[in-house]
Ligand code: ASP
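In the block that follows, a single chain appears as structure tokens, in the form predicted on its own.
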Amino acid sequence: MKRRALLAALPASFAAGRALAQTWPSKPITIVVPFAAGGPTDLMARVVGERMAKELGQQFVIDNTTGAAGTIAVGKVARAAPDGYTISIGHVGTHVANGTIYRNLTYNLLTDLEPIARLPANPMLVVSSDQLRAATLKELVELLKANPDKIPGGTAGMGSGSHLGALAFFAATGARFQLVPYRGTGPAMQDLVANQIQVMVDQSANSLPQVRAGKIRAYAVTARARSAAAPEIPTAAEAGYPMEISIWHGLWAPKGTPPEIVARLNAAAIATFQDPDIRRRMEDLGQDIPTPTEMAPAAFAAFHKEEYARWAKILEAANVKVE
């Protein structure tokens, strides 16, 4: 009897989903950002939200929900109504690494979220306060080795992109700095400029403008080749410490969001990065823009799973976890 009632309810639920998709969007859409305003993820959310609003005819509202390296914000979206009005933006830290680092998450990053679109990625820069006494990456490594875990360096918390960058830096150089957690790399960058902290391994989108302004020093880019946006900065390999890491972003909806809505969100995201002005803006910040094929929900879902498996091995080997 229960089985018959369930089967009878399924067509009604499908019909309700189709009806929702036909009238969507009829009100503003919220993008939940897992970090404070001013950082690279917040910047990406604002660029995406402004342009997607033009495509869909509704305002996008930015909701900066900080804390616990993004786990609070992601959980908020995982529990939201699957109606297309609340979506998540995040990156390899918030939507991949946290699944291994945080053992007691109340949601599953691979099954409780609906991939919408893969967004641009950018390599990291090894940077410091302009007051730190190190002119090259080699000198920075030597200084850190002489003062292990004493020189303060900023991150956006456990599992954030800047934390993953720091782990890669430690592994490649054998040097360490003191990890100081912030609610986002925006506030961390403010303290780096003010010399309250002295080192970061940060996304180029956040750090390159400060380098160009002469407020911080850049030692290396963590990419296979020099960035077209800053060809004067050597790669980490050229500086003697090979390491390759880039931080990709993405958009997700709560599981169960109607596929028609996911498809419209995806189309709006693709249109955003086909815009010549936005492409120039992203490329000027060192961002690598995925192709429309790579941005498709199914392709993004496959990429997400591959990255999850890759980083799980790295983090488990480093014994990075929060119980």
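Owing to the predicted nature of the structure, the values given are computational and were not obtained by experimental measurement. Note that residue numbering begins at 1 and tracks the sequence as displayed.
One more form of this protein exists, namely the form predicted together with this ligand; it is left out here, but the text below deals with it.
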| query | finding |
| --- | --- |
| In the predicted bound form, the one of G184, P115, P120, G153 near this ligand [non-hydrogen atom within 4.5 angstroms] | G184 |
| In the predicted bound form, S88 touching this ligand (heavy atom, 4.5 Å) | no |
| Any non-hydrogen atom of P40 within 4.5 angstroms of this ligand in the predicted bound form | yes |
| This ligand in the predicted bound form: contacting segment from 157 to 165, 220 to 228, 173 to 181, 104 to 112, heavy atom within 4.5 Å | 157 to 165 |
